[in-house]
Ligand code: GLA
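Presented below, as structure tokens, is a lone chain in the form predicted on its own.
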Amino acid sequence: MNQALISNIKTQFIAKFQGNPVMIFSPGRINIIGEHTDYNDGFVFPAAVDKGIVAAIEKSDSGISTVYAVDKEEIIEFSVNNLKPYQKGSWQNYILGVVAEIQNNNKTIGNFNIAFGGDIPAGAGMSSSAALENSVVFGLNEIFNLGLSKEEMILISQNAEHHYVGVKCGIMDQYASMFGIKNNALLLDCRTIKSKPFEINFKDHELLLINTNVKHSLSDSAYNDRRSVCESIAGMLQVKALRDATEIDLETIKESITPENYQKALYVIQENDRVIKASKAIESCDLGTLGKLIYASHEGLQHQYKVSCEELDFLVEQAKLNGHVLGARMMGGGFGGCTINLIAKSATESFKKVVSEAYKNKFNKECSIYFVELSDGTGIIA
């Protein structure tokens, strides 16, 4: 956890509100494999990381709530009795949505003050939005003694995103951020919302993130579009979700759907299978197989689901040129953000140098490279 960040948020809160806040850390997440399977009731393999959102929160005696976004140096004020969304795409909706969804759960809260900031790189596909939502719901649950379970809290966070932000996200991001376990990834069944922890010890290999530092504007609309395609094909197959379909089932309606939509559904069915195989590979320390599954995941995202972009594909191709990288793929919703790379520790420094130069030459902009440690989920900072 970033002690300088914690100290800064607390200092900023005290300077602004002269109070004694409850301090919350809510982590971002990575996902080893299993992209766009969560809203198909499928399996995913995320882990909470040591980068996230720090929030300082306290009840307010005034008739208004004040939210201070420290990194943006922006403030909003509102009353919990009179909520309405901001314009689409604004960070304010993550907070307002959580407050509204708590009220929709028949819980009564008063006004409050909160200051927050984070160290998740913007647009990296590491779910800063879920971390923010979770920090707010966790903090409000604490100061108003709402008695919400963690399961209830993540559904509030998810519904905030659906109803106030307008992104029909699955449950993976909120779950991983809330339930993360240090040094573990979670094999999460998105139907039952139950997970199995897998200790991650890749011995002489490690996970490296490379951020394209681009975010193409297609992301939200394309995300919702992909989701509706999956739902409509599940309906045609008369199953609850694509998680229940096989490749043989999909063949039976191939003539009734476009080739593009056939490939999208096929990707989801195959990716779900890859997640299960990846969990077995991790359990048996078979990193070669895990790497191949990670590369195959990117192939599907690039050519079948079509949510990659030139910058992400370039970084994965660079990884393939290096024999020390066992697997690489885009991570997150797509159209920008990071690649995740499984690489031999001995080769990391030279790979970083080669990739950075190649990316700069190709796109005339810098990529950013970072390591993450796997962390516990959302909680109070002691």
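Don't overthink the numbering: it's just position in the shown sequence, from 1. Everything numeric in this text was worked out from a predicted model, so none of it was measured.
The next section is about a form of this same protein that is not shown, the form predicted in complex with alpha-D-galactopyranose (GLA).
A.B. asks: Counting only non-hydrogen atoms, choose the one of 140 to 148, 164 to 172, 193 to 201, 97 to 105 that falls within 4.5 Å of alpha-D-galactopyranose (GLA) in the model of the complex.
C.D. replies: Looking at the partner contacts, the answer comes out as 164 to 172.
A.B. asks: Taking heavy atoms only, is G28 within 4.5 angstroms of alpha-D-galactopyranose (GLA) in the model of the complex?
C.D. replies: Contact with alpha-D-galactopyranose (GLA), no.
A.B. asks: Taking heavy atoms only, is G332 within 4.5 angstroms of alpha-D-galactopyranose (GLA) in the model of the complex?
C.D. replies: Although alpha-D-galactopyranose (GLA) is absent here, G332 would touch it in the model of the complex, with heavy atoms inside 4.5 Å.
A.B. asks: If you check in the model of the complex, is Y295 within 4.5 Å of alpha-D-galactopyranose (GLA), heavy atoms only?
C.D. replies: Although alpha-D-galactopyranose (GLA) is absent here, Y295 would stay clear of it in the model of the complex, with no heavy atoms inside 4.5 Å.
A.B. asks: Against alpha-D-galactopyranose (GLA) in the model of the complex, would D38 count as a contact residue? Criterion: heavy atoms within 4.5 Å.
C.D. replies: Yes, contact at 4.5 Å.
A.B. asks: Just give me the single entry in F112, Y223, W91, Y262 that has a non-hydrogen atom within 4.5 angstroms of alpha-D-galactopyranose (GLA) in the model of the complex.
C.D. replies: Selected option: Y223.
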